[in-house]
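The chain that follows stands alone, in the form predicted on its own, written as structure tokens.
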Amino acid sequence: MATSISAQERVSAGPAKRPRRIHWIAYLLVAPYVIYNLVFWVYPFVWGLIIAFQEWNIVSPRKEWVGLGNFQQVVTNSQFWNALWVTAKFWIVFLPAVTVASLLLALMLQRVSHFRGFYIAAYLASYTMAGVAYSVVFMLLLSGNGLINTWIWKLFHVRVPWFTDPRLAMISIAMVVVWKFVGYYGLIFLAGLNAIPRELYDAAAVDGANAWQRFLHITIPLLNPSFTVVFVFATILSYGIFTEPYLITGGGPLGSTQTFMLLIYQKTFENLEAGLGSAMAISMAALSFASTGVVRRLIEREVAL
């Protein structure tokens, strides 16, 4: 007669051990991602951190340990502080412009009943374009004799110095970047709008709230997660902008578009000051993390549907 094991005995015996090969399969599945991050993220970061404490001209294998000397140069470097001001100016223009444009786009797409997928794909096409391609296109469109200036001249007999005036150059670049990201950020807002229950709008309408009141007191508060994501992405992007100013203005005129990434590139690969460039990159990363934290603390709120 076969003996049966009681429930208490089964619990005390503990869970049955799974075959060891399952664990090795899991390790093999995650190995490519781990190796990728070690090679392309962890190793460059550690190496850059070490170089930040050294003086190295890239060409020569000789390195000289200078300690905090490179970071002291960062603090006293006027170009670094100019890059911080350029980044702030870009952020001040880019953030509200891309937020408003993306939200309006999302509101319009939400009301589209036919071919919505087509319109979403059409607006997302700008996000998939290479930075070099659309930078060259806008550089030609907004040049002194470009198509847009030609139209403005015919209408108002003036030519706008989009990229040649220090007061307009960074603003113009910011608007070009808005064109690229409006579709992507609009999709984030569209997802947030679709997550809001329709019953809330119906109940507010029954209580006598008009369309503007419903938008102000229901849509905006419940879109807080979407606003947080867009604000954080826009803040990070402001510190990492490179392709547009490099191709369109080269950092000019008069350093008005010399962003952090462009300055780091010039110091590292043009002036061959790898140590100073690494110190600037680490300082920029610290400022980016700090700014992102401040933005999240100011706008992020817990939302309960």
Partner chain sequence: MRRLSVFLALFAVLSLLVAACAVPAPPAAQTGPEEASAEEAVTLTFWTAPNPLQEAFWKEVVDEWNATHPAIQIDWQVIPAGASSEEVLLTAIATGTAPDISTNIFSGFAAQLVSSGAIVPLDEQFPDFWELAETRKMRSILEKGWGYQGHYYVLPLYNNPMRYWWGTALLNEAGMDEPPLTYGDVKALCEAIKIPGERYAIMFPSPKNWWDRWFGFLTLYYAASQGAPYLDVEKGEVLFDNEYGMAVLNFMNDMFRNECAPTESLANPLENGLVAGSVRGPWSIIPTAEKFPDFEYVVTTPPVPDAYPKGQPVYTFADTKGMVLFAQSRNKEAAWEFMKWYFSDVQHDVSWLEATNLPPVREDLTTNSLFAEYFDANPKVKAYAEGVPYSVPPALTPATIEVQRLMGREMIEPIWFGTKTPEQAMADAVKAIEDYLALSK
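In this text the structure is predicted, and so the values were computed from the model without any measurement. Positions refer to the first chain, counted from 1.
If you look for the form predicted together with its partner chain, you will not find it shown, but the lines that follow are about it.
Chemist: Residue 64 near its partner chain in the predicted complex, any heavy atom under 4.5 Å?
Modeler: The answer is no: residue 64 has no heavy atom within 4.5 Å of its partner chain.
Chemist: Test of understanding: in the predicted complex, would residue 69 fall inside 4.5 Å of its partner chain by heavy atoms?
Modeler: Contact with its partner chain, no.
Chemist: Would residue 200 show up as a contact with its partner chain in the predicted complex if we use heavy atoms at 4.5 Å?
Modeler: Flag for residue 200 set to no.
Chemist: So, in the predicted complex, is residue 143 in contact with its partner chain at a 4.5 angstroms heavy atom limit?
Modeler: Taking the distances in the predicted complex, the answer for residue 143 is yes, it comes within 4.5 Å of its partner chain.
Chemist: For a quick test of understanding: in the predicted complex, does each of 86, 212 and 298 have a heavy atom within 4.5 Å of its partner chain?
Modeler: Judged in the predicted complex, none of 86, 212 and 298 sits within 4.5 Å of its partner chain.
Chemist: Taking heavy atoms and a 4.5 Å limit, what residues of 236-258 are near its partner chain in the predicted complex?
Modeler: Those in contact are 246, 247, 248, 249, 250, 252, 253, 254, 255.
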